[in-house]
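In structure tokens, the next block holds one chain alone, the form predicted on its own.
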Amino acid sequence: MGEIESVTETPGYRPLYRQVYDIVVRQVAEGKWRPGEALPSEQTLAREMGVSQGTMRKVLDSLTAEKLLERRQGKGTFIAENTQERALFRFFRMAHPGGQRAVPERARESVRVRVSRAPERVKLDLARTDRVVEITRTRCIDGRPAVHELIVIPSALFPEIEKRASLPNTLYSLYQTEYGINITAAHEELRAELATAADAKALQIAAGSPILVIDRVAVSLREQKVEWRTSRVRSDDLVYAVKLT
């Protein structure tokens, strides 16, 4: 099968590059290659899909830029792993003033399964009868409680996660390795609030102190909303740091 080089963008037709992109994404989502596994060579993939090496390179370049793949000098292209360190670097943006990265540590947590609530069904596109896993935990920075999190995930996607003896500091690595769910994007909204009595107890601050609230919906490789997380963060010595380029 030869490549169709003259492809135009029309409402009812996807360009060849996009078709190949979607095929590779689907294969990764279906577990054709495991996290950390090397992909076949660029030439082999191009031949298997009946496209030019240039088209295949463009697809792999895009997926590398999106952190789904990673290139290792002299070794090839690999499925990126959401290791603890990688996930922290990508998805945890709290830092000390001046830009020094803050590294959280898991402290206290509770996990339970319950019926979903209306706001959760809206955020995660759930049905009324769907059940969710609620994870509540406090994370410390420099030995002090700093982040209090409420995490809600669909129970159907993470069977028996509540039965685990403990959860890792970074959940996204667990989602990938144990449940085949790759978190590729997170949509966040930030707002300032005053600490409630519950915040004061969890974060060991005075009620009425300013805190940062981060509302995040995490999206998987399949473009499915798989986690709603609300993080309430003490702001006396922490900032939300983003590098704009």
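Heads up: residue numbers just count along the shown sequence, starting at 1. What you see is a predicted model; the values in this text were computed from it and never measured.
Not on display, but discussed next: the form predicted together with another copy of the chain.
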**OP:** Report yes if all three of Arg34, Arg72 and Val226 come within 4.5 Å of another copy of the chain in the model of the complex by some heavy atom, otherwise no.
**Re:** no
Subject >> another copy of the chain contact at Arg106 in the model of the complex, heavy atom, 4.5 Å >> reply: no
Original post:
Counting only non-hydrogen atoms and a 4.5 angstroms cut-off, does Lys67 reach another copy of the chain in the model of the complex?
Top reply: yes
Original post:
Within a 4.5 Å heavy atom cut-off, is Glu193 in contact with another copy of the chain in the model of the complex?
Top reply: yes
Original post:
So in the model of the complex, does Glu48 come within 4.5 Å of another copy of the chain, heavy atom to heavy atom?
Top reply: no
Subject >> Segment that reaches another copy of the chain in the model of the complex - one of 23-31, 37-45, 173-181, 210-218, heavy atoms within 4.5 Å >> reply: 210-218
Subject >> in the model of the complex: members of 153-192 within 4.5 Å of another copy of the chain, any heavy atom >> reply: Thr184, Ala185, Ala186, His187, Glu188, Glu189, Leu190, Arg191, Ala192
